[in-house]
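Next up: just one chain, as structure tokens, the form predicted alone.
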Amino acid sequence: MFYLVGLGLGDAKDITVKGLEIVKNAKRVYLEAYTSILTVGKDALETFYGRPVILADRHLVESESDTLLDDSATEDIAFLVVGDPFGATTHTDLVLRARQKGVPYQVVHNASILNAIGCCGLQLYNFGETVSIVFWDESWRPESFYDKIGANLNRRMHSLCLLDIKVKEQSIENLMKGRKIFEPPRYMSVKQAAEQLLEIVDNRRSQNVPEADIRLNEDSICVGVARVGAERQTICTSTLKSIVSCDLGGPLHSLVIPGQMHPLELDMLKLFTTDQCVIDILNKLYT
């Protein structure tokens, strides 16, 4: 049996009882280690589970998954995923491959950022399309994520922005030369995401885009969250220009852009700021 087990968002203890039973009884246990991270490392998981855990990087999951699934035809293999197993398309692909191979599988769900983001006070059924904000580099500076946020705002819906993660990535030079040298892990912060969005706002203005079409601007309310589900969870309500100065601490971060808000949502957002300018903006949004 191939088990996909969600670990939740915090630490080793966030696994479900059912998930823990599977982990303790499985022949081998893999930890998917590139779409998200917990606030604790592999060692803490091994201590809590009382057994070894094998790190599964992108190459193993996407290029050698057939071996992993073939083993599951004759023995129990547990594949651990931070959050919920279906929080990333990679894991959906694993299920499809298992079905094609006739390998039995079972999914054990858990909390993910997609539902835990309700901690910021915005109601889940008012969220639109989830947006991924990627790291820019010198040659690649896409702005499509800004347009997706704008489309959600046009529908008066909130945007959950998932911020880029770079784990076990190679530089172009090392990739071309076939050198197995990897860059240090990078996790985008709310500050970096806001800086990129602000640059896009400047770009649109320099292109003479009408102000009415720049739905997200420097004065827009936004919410930065860090380490959701952990004891050191942090939430900050601010404007886009001011959140650049908010120190939310270590990863993982996410950014929320609110759409039209109910008075209860406005009340909740005020819990996460002491900035009177932000409170004044929120007060003007009551209807």
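A residue's number is simply how far along the shown sequence it sits, counting from 1. Remember, predicted model here, so these are calculated numbers, not experimental data.
If you look for the form predicted in complex with a further copy of the same chain, you will not find it shown, but the lines that follow are about it.
Proximity to a further copy of the same chain in the predicted bound form holds for all of F86, R99 and L264, with the criterion being a heavy atom within 4.5 Å.
Heavy atoms within 4.5 Å of a further copy of the same chain in the predicted bound form are found in exactly one of 112-120, 138-146, 72-80, 202-210, that being 112-120. Taking V134, L198, V167, M157 one by one, only a single residue has any non-hydrogen atom within 4.5 Å of a further copy of the same chain in the predicted bound form, and it is M157. Although the partner is absent here, L271 is a contact residue: one of its heavy atoms lies within 4.5 angstroms of a further copy of the same chain in the predicted bound form. Within this chain, Y30 is remote from the site of a further copy of the same chain in the predicted bound form, having no heavy atom within 4.5 Å. Although the partner is absent from this view, L20 contacts a further copy of the same chain in the predicted bound form, with a non-hydrogen atom inside 4.5 angstroms. Contact annotation: F127 falls within 4.5 Å of a further copy of the same chain in the predicted bound form, judged by heavy atom distances. Contacts between 47-65 and a further copy of the same chain, taken as any heavy atom within 4.5 Å in the predicted bound form, involve only F48.
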